[in-house]
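Consider the single chain below, provided in structure tokens and representing the form predicted alone.
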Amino acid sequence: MNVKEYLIGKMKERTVHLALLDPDKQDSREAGAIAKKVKEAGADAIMIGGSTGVTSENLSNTARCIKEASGLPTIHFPGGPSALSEDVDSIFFMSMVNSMDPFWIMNAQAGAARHIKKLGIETISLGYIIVEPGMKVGEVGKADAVRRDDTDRAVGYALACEMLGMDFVYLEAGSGADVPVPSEMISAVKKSISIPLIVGGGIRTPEAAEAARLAGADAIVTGTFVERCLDDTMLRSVVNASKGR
């Protein structure tokens, strides 16, 4: 079973929780320790990546430590085409569909495609939609961020992603965002598409996780929260709220 099949199988049972760890924010051993904690809390897979500072070396080291410590599937969440590694189980082969720079829509992907195929990494196509506030990823990706009250635009992008044949759609408020993607937007997008919906950015409480799940998210991503959370009880609460258990 590949990672995409694993995720879709889990999504048929309940909303899944994906932890996001940035190799530029902690060393590989610390990332492994965090991965072990989130696995014990109930996380389903680990995304590895960040908007800046990721290299093939720290990506590889982090992936190896995460797999050794947790045994969870790893998904490279790329910040660009320059850092790739055969040590990850899969990669979100993604297009930032509301970027104003063609590099992030298709040029970066074209530049990396041959190398990814040579490495033999499983690709999972992803339509990546940046929602306000967007944070660092929106800045780096030159996103024309979807306004929080512009649900129609979010639905349009999501439908276009499905019609282009993408596997998943991801609504992203940005790591460290002070507010998550609005529940009304999540619900409207989910009702419009038949492919899985991932939601992330600004989710750091059980209430926020539950709101995203009830609105229709098939997967909930927490990154900054899991990297900084020192309270194992709170960590379990957010994961459990994400999964609805």
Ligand code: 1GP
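Note that the structure is a prediction, hence the values are computed from the model and not measured. Note that residue numbering follows the sequence shown and begins at 1.
What follows is about the form predicted in complex with the named molecule, which we do not show.
Peer 1: Report whether the minimum heavy atom distance between residue 221 and the named molecule in the predicted complex is within 4.5 Å.
Peer 2: So residue 221 counts as contacting the named molecule.
Peer 1: Do residue 79 and the named molecule share at least one heavy atom pair within 4.5 Å in the predicted complex?
Peer 2: No.
Peer 1: Is residue 212 close to the named molecule in the predicted complex, meaning a heavy atom pair under 4.5 Å apart or at it?
Peer 2: The answer is no: residue 212 has no heavy atom within 4.5 Å of the named molecule.
Peer 1: Can residue 216 be called a contact residue for the named molecule in the predicted complex at 4.5 Å between heavy atoms?
Peer 2: Residue-level check for residue 216: no, no contact with the named molecule.
Peer 1: Could you work out which of 98, 85, 175, 74 is the residue within 4.5 angstroms of the named molecule in the predicted complex, going by heavy atoms?
Peer 2: Spelling it out, the residue with a heavy atom inside the cut-off is 175.
Peer 1: In the predicted complex, which of 98-106, 145-153, 116-124, 165-173 comes within 4.5 Å of the named molecule (heavy atoms)?
Peer 2: Result of the contact check: 165-173.
Peer 1: In the predicted complex, which residues of 193-222 put a heavy atom within 4.5 Å of the named molecule?
Peer 2: Contacts from 193-222: 200, 201, 202, 203, 221, 222.
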